[in-house]
Structures are given as C-alpha cells and as structure tokens.
Ligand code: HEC
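Here you get one chain, nothing else, as structure tokens; it is the form predicted alone.
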Amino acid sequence: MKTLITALVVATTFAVSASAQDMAYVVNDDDYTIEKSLTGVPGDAGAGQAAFVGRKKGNCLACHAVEQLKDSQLFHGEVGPDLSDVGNSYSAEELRLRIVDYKVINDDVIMPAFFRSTGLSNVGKKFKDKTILSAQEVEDIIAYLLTLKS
C-alpha cells in the first residue's frame, strides 16, 4: 500500500529553497521507503556531510555517533543508533523515509521529521509551516550516509 504525502517547502534559513513549492512524495508502506528522489538530482556527499554535522541543519551528531567523524567532530550523541555502518545497512530509499519522517515507521521515536511541515506539535512560531531541511539537503545527507561503511 502506498500513501501520498505532500510537504510544503518554504524558503527560510532552515529550509533553503529558491521559491515556495509543493513537494509530493510517496511512502511505500510495505517496505517503509520513499523510492523517488525528492529532487531528481543526485545528492552530493560533501554537502551532505556538512548538513549532517551542521548545528543549524541536520545536527545529527547530537543524537548519533559516527566513527569516521570521531577525529574531526566532538560530542557524538548516544540517544540514536551509531551510524558508522549505515551505508551497509540501508538503501537510499529506506534512508529517505527515515530522514523525511521517521514517525511513519515508529511513532514513539524522538527523531524530528526533517522534511515535514504539517501535523507537528509544539512548533515555535518562527518555524511554523517550514521544514528543517530542504529537499536537496535530504538527498545530500542520503548520499553522505551511503558512504558510511565500516
């Protein structure tokens, strides 16, 4: 079964986009994936690493550890799973759903929905109707995560 979800991407400092646009993606409920790229443009692993570690973007190290970054980035989190071998564990399609909105898989997870702007609670006025990451940043982080293999 597939579910159609629409997210509004708005140009802000947290969701960089040339202009406001409607982004639609299809969640495959059978295997918990989003098969199609959000942009149709391949992700850039270097830009993905920057968004991954950036405190005003993904800030992924607040919750996750990555062995490959231990020498260059301090203070890795322990709340989420270690991502040092995530490139061997998940496909791009599986990672895409986990970044876009992990709550589709597990409603109890504390990981934020990085590419969803509706149906959220306790959102500050400044961030209302905005996504944390742009569609391209999601694709860039996916490209980076796929390089993480131990």
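Note that residue numbering follows the sequence shown and begins at 1. No experiment lies behind these values; they were computed from the predicted model shown.
The discussion below concerns the form predicted together with this ligand, not included here.
Contact check for H64: a heavy atom falls within 4.5 Å of this ligand in the predicted complex. For the chain shown alone, S37 is not a contact residue for this ligand in the predicted complex, no non-hydrogen atom being within 4.5 angstroms. In the predicted complex, V123 stays away from this ligand, with no heavy atom inside 4.5 Å.
Contact check for G58: a heavy atom falls within 4.5 Å of this ligand in the predicted complex. Stretch 86-94 is the contacting one of 24-32, 38-46, 65-73, 86-94, since its residues have non-hydrogen atoms within 4.5 Å of this ligand in the predicted complex. In the predicted complex, V79, G80, P81, L83, V86 are the residues of 67-88 with at least one heavy atom within 4.5 Å of this ligand, listed from first to last.
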